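A lone chain, given as structure tokens: the form predicted on its own.
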């Protein structure tokens, strides 16, 4: 039986999700041995970017017209497209201020020389193509990636957590950062899968995995307001990693604030 043909691609981002794949250490040889990797620029040269793929893994945010074109080409060639990392799934940090013209940011950073850059408002992959599976995280979790690949090799989509980081936190019996310390923890509204890593070190969940389904944003906002945080602080906190997500767009947050 032929190995599945796979491509691993990166758009605008830190390439941290590709590094997670390379850092699979003991599992990396088994992973490479199970797949026919046709393109993985971080790991090897000589990519075959014309072939048909069984699975395409794509990280990063779409911020340029050329990236949109590349993404659509990958989608056309791939039977399955997997968004890896919060940038690909939700837009990430790059998309946190989409209400501001990205050209203004380019001008502030690069001055007149920035005019050579063609930019569009940063968006997740799903704004442009169909995404078959989303693995959030900043970066993705190694174990979730490996389980996902194993499921795909067996012809199934993996079952991902549909509950909040708060649940993982309570199961591990960590002290509540939000209630006990009064810090702006987003564990109640962030999708699980990280094992509540930040709370395990006494740090707040910053929402880097994006929102869980059916989140109660109004409740989170009210708790943070009770703890003395300003609306600007709360809004910036909620929208750092997943601003394009429907539960966290500006209109929804305004409605939640006034609920």
Partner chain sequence: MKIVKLPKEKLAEFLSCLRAFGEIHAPTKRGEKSHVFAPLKEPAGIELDYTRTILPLKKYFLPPMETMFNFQAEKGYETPAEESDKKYIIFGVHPCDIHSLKILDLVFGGKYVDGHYFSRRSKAAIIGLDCIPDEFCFCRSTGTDFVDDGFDLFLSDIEDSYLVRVGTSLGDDMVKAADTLFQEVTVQDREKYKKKSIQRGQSFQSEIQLQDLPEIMDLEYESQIWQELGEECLGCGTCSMVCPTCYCYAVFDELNLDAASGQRIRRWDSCLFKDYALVAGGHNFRAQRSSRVKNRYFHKQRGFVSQYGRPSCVGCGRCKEYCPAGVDIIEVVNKLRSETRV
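Here the structure is a predicted model, which means the values were calculated and not measured. Residue numbers count along the first chain shown, from 1.
The form predicted together with its partner chain is left out here; the points below concern that form.
At a distance of at most 4.5 angstroms from its partner chain in the predicted complex, all three residues 27, 34 and 216 contribute at least one non-hydrogen atom. In terms of contact with its partner chain in the predicted complex, the residue from 95, 149, 140, 83 that brings a heavy atom within 4.5 Å is 149. The contact residue chosen from 79, 72, 103, 170 relative to its partner chain in the predicted complex is 170, the criterion being a non-hydrogen atom within 4.5 angstroms. Within 4.5 Å of any heavy atom of its partner chain in the predicted complex lies no heavy atom of residue 115.
Among heavy atoms of residue 166, some come within 4.5 Å of its partner chain in the predicted complex. The closest non-hydrogen atom of residue 44 lies beyond 4.5 Å of its partner chain in the predicted complex. Among residues of the shown chain, residue 184 is not one whose heavy atoms approach its partner chain to within 4.5 Å in the predicted complex. You can rule out all but one of 186 to 194, 63 to 71, 50 to 58, 230 to 238: in the predicted complex, only 186 to 194 has residues with a heavy atom within 4.5 Å of its partner chain. In the predicted complex, the residues of 173 to 208 lying within 4.5 Å of its partner chain by at least one heavy atom are, in order, 173, 174, 175, 178, 179, 180, 181, 188, 189.
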